[in-house]
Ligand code: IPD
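Next up: just one chain, as structure tokens, the form predicted on its own.
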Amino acid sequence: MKNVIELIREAAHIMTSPDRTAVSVKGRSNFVTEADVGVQEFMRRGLQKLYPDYGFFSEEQENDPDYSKPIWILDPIDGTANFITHYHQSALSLALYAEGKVVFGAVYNPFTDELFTAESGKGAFCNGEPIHADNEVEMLDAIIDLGTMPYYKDRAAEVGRFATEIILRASDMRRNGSAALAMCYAAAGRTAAMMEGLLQPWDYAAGMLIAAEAGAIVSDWSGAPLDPKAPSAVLVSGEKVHPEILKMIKEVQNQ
């Protein structure tokens, strides 16, 4: 996938270009910039040239994906609100889905120049160095990244209950603002876990493979495997804290 990695790095220059910051509003707390569209079209053309028989599924276009053939799943800028405010926690996220599973994933933050990658069965890496989830940390010492589902204001009270329980049960809480990067940070052991109540396939397809290849447990909020063809709640965590977080989720949802 060396040619795809090179394409990703080229496309990411669009994110750091100062003339790509014009913003359109898709919905409350949901934005798209010229850079989102620019990255998407650059990647679409580049991937079509490299792999003309593969499909292409991306956030900033109308989609009718054909999963009977290999298909690229792209989020051109995951963390657009971060991007708009120059928070520098934004990433290009690309996955390849083939024969019923994600076989390649890459998440690149050009502002930190960190590239997380994985291929099925080959481990996970950050800038070419192996990464590993923290499978030894206990819940009491855990730092957990909680996604706040900003598009779904009707679930704000639920998010608040989760935040309270995390602060009471764990060491501390974080909020990255990019689900793809949050998954990679859990994969690299920077946090014990990340969790978010509803994500789209382009948000999590690459990160789920990177995390799994790094030894993390990846599931939905019931503990079932993720299906990258559909929206889902997502939990990525180390082995020891995973059952504790699933227990917490069930208790909060039953309140």
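So that there is no doubt, residue numbering starts at 1 and follows the sequence shown. Please read all numbers here as calculations on a predicted model, not as lab measurements.
Form predicted in complex with this ligand: not shown, discussed below.
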Check for me whether this ligand, as it appears in the model of the complex, comes within 4.5 angstroms of all of Gly189, Ala216 and Glu239 - heavy atoms only.
no
This ligand in the model of the complex has a heavy atom of only one listed residue within 4.5 Å, and of Ile84, Cys126, Met149, Ala163 that residue is Met149
Please pick, from Leu199, Val39, Ala212, Leu47, the one residue with any non-hydrogen atom lying within 4.5 angstroms of this ligand in the model of the complex.
Leu199
Just one of 70-78, 164-172, 96-104, 113-121 has residues with a heavy atom within 4.5 Å of this ligand in the model of the complex, so point it out.
70-78
At 4.5 Å between heavy atoms, is Ile144 in contact with this ligand in the model of the complex?
no
Please tell me whether any heavy atom belonging to Ala133 falls inside 4.5 Å of a heavy atom of this ligand, as the geometry stands in the model of the complex.
no
Since only the chain is shown here, I'm wondering whether Leu92 would be in contact with this ligand in the model of the complex (any heavy atom pair within 4.5 Å).
no
Contacts with this ligand in the model of the complex - residues in 170-196 whose heavy atoms fall within 4.5 Å:
Arg175, Gly177, Ser178, Ala179, Glu196
